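Same protein, same chain, two forms; see structure 1 and structure 2 below, as structure tokens.
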Structure 1
């Protein structure tokens, strides 16, 4: 076994999930991630925590959705809900054999399934959950890299000095927490968002920071009152379909117009999910400089230094005062853009990033 797999497992258990003796751990393992699953199981055992493992497969999910006779999917199946509600920790080890397994599943089926299982999603997010990937050949192919090259890249981003990055990201978190208005200007974007009353998350790949993705390396908050236009120049795959050069126009916090060079039907499908899908749930700023290239994988790409992303749909409660909830939706779909030369991000008219570099980096 590649020793980095064991290092990865140790980061998941100790830094990210903070698993302790007696914790009830639920782990979902994709078909390509079994080596990482084995290493995590060993780590969980040495912590004297309990472990239940389930199997994840895009091909199995596709078969179920395509052969269900209606779009009235079972709402939050009780056996699934009970499993999550009885878990302290949920680990999602991604890495299937085909990253496009869901490509021919109609958007309306995926939307209906997402809406029907919104309670499952809430129960999962109520745990100390962590999502990560095992660097499989399919992910390497999706990133247009050789398998060994991709493994080196992935582990560089995953086996990071998270404490040092957390200290750096705290500088941006503090400015966002103190601010009221964020404005982003690039060659194709002029966008203003309100953030007063919100709390930014220093996403340092640990539940101790309200952060749940590994790798991570972003600071995010829950904007509202969005005005202006934004163009997302980083291509993406959404619902297993390519999306490119999406342009959104906002008025009064709501998307009033959408265009795309490719995948407009996908974006329109997202926007039509429910009322909350037309509003933003997240503004995220990528700060992981080890992620220095596009990989067609949101887990990595949204953390890339010199980028920002906006999510249509659900806001995270961790960004809001206790007892308050933000934008509600059955979806949370990220769209990415480069800052690039000539760009600025200002908080209350103070420039905090210019040309993709923070003021403390220059």
Structure 2
């Protein structure tokens, strides 16, 4: 076994999920992530926690959804709900054999199934959950990388010095928490956002930081009152379609114009979802320097060092003052951009980043 698989498992169990003796652990493996599942089982056992393993196959889900005779899917089946409700920890080890395994399942079927199982999803989110990937040939293919090359890339991002990064990110979090206005200027962007009263999340890949993705490495908050224009120069796949060089113009927090080099219809579809889809739900700053390229996987891309992302739609509760709901929407669609040469990010007119490097970086 590649020794990095065991190191990954130890990071999942100790740093990310903080598993303790007696914890009831639920682990979900894919067909391609079984080696990681084996290594995690070793770590879970060592900590004297209990373990149930479910199978998260896109092929099985597709078979079920496509053959169900109606869209009246069973509502929160009791056995599934009970499993989640009785679990302390949920570990999602992604890594199928085909990232397009569900490509021919109509969106309305997927949505109907998702609505029918919202209670199960809530129960899952109430656990100490962690989502990670095992670097499979299928994920390498999605990134247009050789499998070994992708493995090296993924483990650099996953086996990070999380304690050091958490400390560095705390500096940005503190400035965002204390600040009122963020301004980003790049070659193609001039954007001002209000953040007064919002709480930034130090997303350090651990439930202890309210951060549930491994790898992580971003600081994000919930901006409002956005003014100006932004161009997203990092390509994306949204609803299975390529989207490139989206440019959005904001007035008083609302998108008033949108253009794109490719996929404008996708963006327009997103914007028309509901009123909240025309407003921002998130400003995120990527700070994982091991993620040094785009790999067509949002779990990695949005954490890329030297980039920022904005999400149209729903804001996360963790960024909002107690009791406030922030921007509401059925969608949360991330769009990514590079800072790059000549860029600056300022908080209340104080420069925190220029040319893609933070002021505290050497």
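Positions refer to the first chain, counted from 1. As the structure is a computational prediction, the values presented were derived from the model and not from experiment.
Structure 1, rather than structure 2, originates from the form predicted on its own. Shown are candidates 37, 312, 91, 203; the hinge separating the rigid parts that shift between structures 1 and 2 corresponds to 203. Of the two rigid parts that make up the chain, the smaller rotates 15° against the larger between structures 1 and 2.
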